[in-house]
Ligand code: NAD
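A single chain comes next, written as structure tokens; it is the form predicted on its own.
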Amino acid sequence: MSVATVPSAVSSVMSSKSNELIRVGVLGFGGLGQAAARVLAPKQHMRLVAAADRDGVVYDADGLDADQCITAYRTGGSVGDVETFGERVESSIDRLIKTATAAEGYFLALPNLPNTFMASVVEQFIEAGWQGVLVDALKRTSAMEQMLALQDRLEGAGITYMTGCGATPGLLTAAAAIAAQSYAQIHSVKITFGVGIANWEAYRATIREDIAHMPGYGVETARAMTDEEVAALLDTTNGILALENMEHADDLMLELAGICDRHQVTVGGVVDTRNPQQPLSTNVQVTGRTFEGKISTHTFTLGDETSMAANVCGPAFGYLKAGRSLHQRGIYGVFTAAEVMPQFVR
């Protein structure tokens, strides 16, 4: 083969790989899971074939209708009510793992309450002998440490696991990792987010996770709160949650990537639970010293028009696609959003 033909040959192989249809499932069908289904609906190269919530599952290897799944969940409380393909079951995740044989990967759009929940779900996949790609949008550092502890078991099971692949951790962490390349030394990474939602009940689990970061609250406290207690708390703050110095896995991810120590990373923001308008612009600021001795700050700001759901689900599926590429090459184990570039899903 001549040198001149190598680039086109490589390009052809990469193109065919990137255009392969990937069949995926979504675990958890609350606000984030429903948004994930809507994100997948127009995709050409990724198709939703499976979904599960607490009370049921739905599976069709040829592809699910997102609107049907969402309607079934909102009217009956479970995707198990989807006509023909749905099923009400008790152990929904276990059931889906065993029956959804066409699913090559899953987005774990699950609440991490309690803090050990996500790791326990991953252990179900390992024990079932399932092989493929899993992606999460975990927030807490301590929760991600549990995932990293499963490295050897996941690698031995033939599972490629992408962790911290939402917005933050995720999109903003990856941006920080890229921005850091301009510097010889990193002084600080500051992530500030603004989230606006019209009704907190559409994202109950996410809001409870945010409450768990507030002074005087914790994971178990937030988990035990009734909807009425959450609503009462929001009444006292006019629907606003102001969060500072959060336990966010961005710190661990950037430390593992060798960019800075975790104590140099701070995460905070404002969540407005009564207004879809963003209360402030989401951004990451990376401050460092260049090789010439100059101190500078890179700022990467997300457009205010992009929703939390868009900034979480889009990257999650991009990382799922990247994870599939690794899996096809026989590369298993745990990877973070700061280690691997996501691949765009058309």
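A residue's number is simply how far along the shown sequence it sits, counting from 1. Keep in mind it's a predicted model, so treat the numbers as computed, not measured.
What comes next is about the form predicted in complex with the ligand, which does not appear here.
Not displayed here, the ligand is kept clear of Gly132 by more than 4.5 Å at the level of heavy atoms in the predicted bound form.
A residue is said to contact a partner when one of its heavy atoms sits within 4.5 Å of a partner heavy atom; Leu32 meets this definition for the ligand in the predicted bound form. When the ligand is considered in the predicted bound form, Arg54 lines it closely, a heavy atom lying within 4.5 Å. Taking non-hydrogen atoms only, Ala202 approaches the ligand to within 4.5 angstroms in the predicted bound form. Residue heavy atoms within 4.5 Å of the ligand in the predicted bound form occur in exactly one stretch of 225-233, 87-95, 252-260, 150-158, and that stretch is 87-95.
This chain is displayed alone, yet in the predicted bound form one of Val271, Ala176, Val265, Leu138 has a heavy atom within 4.5 Å of the ligand; that residue is Leu138.
A heavy atom within 4.5 Å of the ligand in the predicted bound form is found for one listed residue only; from Asn115, Thr192, Thr206, Gln146, this is Thr206. Heavy atoms of every residue among Gly28, Pro111 and Ala167 are located within 4.5 Å of the ligand in the predicted bound form.
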